[in-house]
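Next up: a single chain in structure tokens, the form predicted alone.
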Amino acid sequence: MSLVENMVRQYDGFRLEIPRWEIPDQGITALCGPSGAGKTTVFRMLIGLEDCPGLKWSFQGEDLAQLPVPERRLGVVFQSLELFPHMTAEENILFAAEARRLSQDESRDRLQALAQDLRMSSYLKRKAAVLSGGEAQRVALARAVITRPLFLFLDEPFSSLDAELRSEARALVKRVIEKFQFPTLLITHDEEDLQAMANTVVRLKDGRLL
């Protein structure tokens, strides 16, 4: 288990308060709730984009909350994907590998495997700016997992896709997670995401876990 403690934040009349939360260290845990429940705040605190004094996140014998963000070894797929539009799909993925100081040979081997798993080979040389929504999402996932993260975060990963693409995207993402066995936190408000992907469901309402 991954143990989160003392997650408390007060701002603009809203209070997020999660004294203790056990997250499975395998499978996909979905954190769901309506807009304004605090899901994004939880996500940003865990990945280190928002400060939370007193927060503890115990995982595999370390308090990840006390580590600098680059040392937490987290993989993240943002809702907006955050690809570099002037880079190709391949360059976006390898950028993450270089940042984590993987060797060129290892980076290329992992890229080839991911391109096959995610069926990306036909557009690796295209600029991110011209990729379709489904293609861009696969690139963002590949970038997040090429470094073999300790923990994977998916923030509303299918919200920008039309209904026809969502089913295929869910299946692809779940298959990659199961292959590499990344413990994953899925942030979503979509009940279909829960049914298709989640091993564990945690509901958040008004800043508190139900």
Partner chain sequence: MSGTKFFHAEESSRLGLRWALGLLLLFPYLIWLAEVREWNWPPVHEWMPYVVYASFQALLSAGLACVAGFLMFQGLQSWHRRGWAEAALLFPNIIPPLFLVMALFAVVTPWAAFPYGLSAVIVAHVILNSGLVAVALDRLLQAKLGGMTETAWLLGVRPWVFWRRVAWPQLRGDLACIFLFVFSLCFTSFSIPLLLSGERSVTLEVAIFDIIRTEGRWDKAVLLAAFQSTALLVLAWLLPRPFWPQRSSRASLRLLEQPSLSVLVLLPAALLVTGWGLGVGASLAEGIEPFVRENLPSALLLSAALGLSVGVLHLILFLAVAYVLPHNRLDRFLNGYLAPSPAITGFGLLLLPVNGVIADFIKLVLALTLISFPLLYRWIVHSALASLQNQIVIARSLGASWSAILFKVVWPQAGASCLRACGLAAVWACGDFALSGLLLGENVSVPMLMNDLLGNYRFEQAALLLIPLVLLSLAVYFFFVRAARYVVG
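The model shown is predicted, which means the values in this text are computed figures rather than measured ones. Numbering follows the first chain given and starts at 1.
There is another form of the same protein, the form predicted together with its partner chain; it is not shown, and what comes next is about it.
Enquirer: Can you tell me if Arg100 lies within 4.5 angstroms of its partner chain in the predicted complex, counting non-hydrogen atoms only?
Expert: Heavy-atom contact with its partner chain at 4.5 Å: present for Arg100.
Enquirer: Would you please decide whether His86 lies within 4.5 angstroms of its partner chain in the predicted complex, comparing each non-hydrogen atom pair?
Expert: Yes, His86 sits close enough to its partner chain in the predicted complex that at least one of its heavy atoms falls within 4.5 Å.
Enquirer: Does Ala171 reach its partner chain in the predicted complex if we count a contact as any heavy atom within 4.5 Å?
Expert: Although its partner chain is absent here, Ala171 would stay clear of it in the predicted complex, with no heavy atoms inside 4.5 Å.
Enquirer: Does Ile47 reach its partner chain in the predicted complex, with heavy atoms at most 4.5 Å apart?
Expert: Ile47: contacts its partner chain in the predicted complex.
Enquirer: Select, from the options 63-71, 172-180, 158-166, 25-33, the stretch whose residues sit within 4.5 angstroms of its partner chain in the predicted complex by heavy atom distance.
Expert: So the stretch in question is 63-71.
Enquirer: Quick check on this chain: which one of Leu124, Val76, Leu114, Ala136 has a heavy atom within 4.5 Å of its partner chain in the predicted complex?
Expert: Looking at Leu124, Val76, Leu114, Ala136 one by one, just Val76 meets the 4.5 Å heavy-atom criterion.
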